[in-house]
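Form predicted alone, single chain, as structure tokens, below.
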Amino acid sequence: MLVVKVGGGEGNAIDPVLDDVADLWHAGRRWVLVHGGSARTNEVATALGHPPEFVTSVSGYTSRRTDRQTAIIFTMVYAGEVNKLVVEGLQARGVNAVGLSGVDGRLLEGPRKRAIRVVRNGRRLVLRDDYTGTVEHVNVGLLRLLLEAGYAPVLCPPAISTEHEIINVDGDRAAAAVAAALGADTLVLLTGAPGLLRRTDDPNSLVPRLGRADIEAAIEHYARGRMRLKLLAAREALDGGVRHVIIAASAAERPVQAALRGDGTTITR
């Protein structure tokens, strides 16, 4: 079993990914696809007069500030526009895809954070009215039901909280939870970068292989921005039983197969 996550930020490409996973599907390789939608969410939120705000936690991770209105816009874009366009693209490639958010069937479930601690202008603050959380449970039965019936699951945040609220969850970490719950051998995280770089402005500084024990040092010393969350997701996937996590470029030719052949950064236990 293979789980593929394709990001939705600037620099990502969806069509090469859809071409590739469709070919894999027709060749008999079963997968679950998880997608993002952050760039489009920023555009829509700004157009609706509720522009995005990003905050940095005290541990140094940057995420979207999600109040209730942001959660609604997030859901509209991810589960509505982006998810259905991905499903449309797969249907056009002969793959009978089914698109679901984490809310549907309680597919992705976890506790909502009532407050988050952030650093703003050097000061530590507590922000309330927050609708973010972490996936702690995956409805594996629903995914297996779809797969066994011949459908290709296409998943996206948001998730549902244990108190039945829509919550924003990180897509890479959600994909890691899905991969672990399904007992997947490999999780591929496709992004705008060629993989983990020691210097973000130098593509020749790619780290081709990384061990589980080296993740913390990479997060602390040279991973930047969203790459830090991808490494956190990789660690969670490996700890959940996934054998390989590969971080690679979504815009490459046949990006999934290229990653499986060794392109990008391969992280193993």
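Predicted, not measured: the structure shown is a model, and the values here were computed from it. Just count from 1 along the sequence shown to find any residue number.
Missing here is the form predicted together with a small molecule; even so, the following discussion is about that form.
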State the residue from 30, 224, 209, 243 whose non-hydrogen atoms include one within 4.5 Å of the small molecule in the predicted complex.
-> 224
Though the small molecule is not shown, can you say which of 169, 86, 138, 193 has a heavy atom within 4.5 Å of it in the predicted complex?
-> 193
Have a look at 195-203, 106-114, 130-138, 92-100 and name the one stretch with heavy atoms inside 4.5 Å of the small molecule in the predicted complex.
-> 195-203
Going by a heavy atom distance of 4.5 Å, is residue 7 a contact of the small molecule in the predicted complex?
-> yes
Proximity of residue 42 to the small molecule in the predicted complex, heavy atoms at 4.5 Å | no
Indicate whether the small molecule has at least one heavy atom within 4.5 Å of a heavy atom of residue 38 in the predicted complex.
-> yes
